[in-house]
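Here you get one chain, nothing else, as structure tokens; it is the form predicted on its own.
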Amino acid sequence: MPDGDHSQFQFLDIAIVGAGPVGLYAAFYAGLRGMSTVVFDSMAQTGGQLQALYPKKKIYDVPGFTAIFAEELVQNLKTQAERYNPSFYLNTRIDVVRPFQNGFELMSHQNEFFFAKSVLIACGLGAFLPRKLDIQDAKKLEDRGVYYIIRNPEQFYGKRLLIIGGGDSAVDWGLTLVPHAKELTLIHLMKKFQAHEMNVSELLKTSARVKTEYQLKAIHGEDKVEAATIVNNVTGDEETFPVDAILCFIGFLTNLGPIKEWGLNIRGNGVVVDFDMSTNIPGIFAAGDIVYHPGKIRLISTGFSEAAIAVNNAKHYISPSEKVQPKHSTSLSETKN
């Protein structure tokens, strides 16, 4: 805790930990309710996982957009949030959050101190790294034909591609790349996909070769990927075919990091919240993928809803005379910044 007269420190209304889509929308909504806001993120840019892992991937489940590139969605959200001039601290990991006076003291990894009347945790699943292939030569050929992150999809145009995975990332990249690839094969370990059903249906209508209950057995090539061998988990049948690139989307390794030390009720890899997105510590709220509650669905759209619920309840928490239920945005007068 910093020394001196603590009354000199400015307490903002809300500190948002995480500048991904949910954190950005929360910053906008806090501004809409007239709250002074600061946003922190350990990464060098806003956008969280979307910006870091697949900025060029199309997203199909955001309201109002048939499809939108991840980086475009992030920019739209940032522009929306900036209307109310929140403060952004990037490259800033919050290591400590603890009660202080009538609010909270936040300490960064650089021992900087910040003060807020309420806190919203919106940092996704915490630190994340792509889960990598446990197969011979996969590490040697990483970025020479084996990829876990796609930053420039155009590098795969006209190529023979093998996509591994059965979730939304694998299927969405399949839909994005199949019109441009020379050949595209997608294999999934299980029989049933974990991606949205309609997107799977759309992929099956394309020229992509989709093979379920298959996994990668071997990668061939010395200085770059030249071929792959896949094996059927049920029959044991193997198939070797030429590929120029293997795109692997088999999940992430996540770590809540210092959040686990903040005294929050943690279940699994999530922060337990009540119906109003409040945690077990009064004044601390959570929204997005970090949240655990019965029936939780990890989607950007549900994260937006949770952000609005959390911010409105935070507003009432710091100003009990203010109602939780906000005015409709259409009834608010336009303000220029």
Ligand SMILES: Cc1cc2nc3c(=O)[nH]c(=O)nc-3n(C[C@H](O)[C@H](O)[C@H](O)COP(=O)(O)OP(=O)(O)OC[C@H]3O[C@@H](n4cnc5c(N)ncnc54)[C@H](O)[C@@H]3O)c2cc1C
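Everything numeric in this text was worked out from a predicted model, so none of it was measured. Think of the rigid core as the biggest set of C-alphas that the two forms share within 1.5 Å after superposition. Numbers follow the displayed sequence, beginning with 1.
The discussion below concerns the form predicted together with the ligand, not included here.
A residue is said to contact a partner when one of its heavy atoms sits within 4.5 Å of a partner heavy atom; Ile14 fails this definition for the ligand in the predicted bound form, lying far away. In the predicted bound form, the ligand lies farther than 4.5 Å from every heavy atom of Ile219. Within 4.5 Å of any heavy atom of the ligand in the predicted bound form lies no heavy atom of Thr279. The ligand in the predicted bound form is not approached by Ala314, whose heavy atoms all lie more than 4.5 angstroms from it. Put simply, of Val272, Ala308, Met43, Leu32 only one has a heavy atom within 4.5 Å of the ligand in the predicted bound form, and it is Met43.
Only one of 263-271, 147-155, 93-101, 239-247 lies within 4.5 Å of the ligand in the predicted bound form by heavy atoms, and it is 93-101. If you take 72-88 and check each residue for a heavy atom within 4.5 Å of the ligand in the predicted bound form, you get nothing at all.
Core-aligned CA deviation for Ala170 between this form and the one not shown: 2 Å or greater. Superposition on the rigid core between this form and the one not shown places the CA atom of Tyr89 less than 2 Å from its counterpart.
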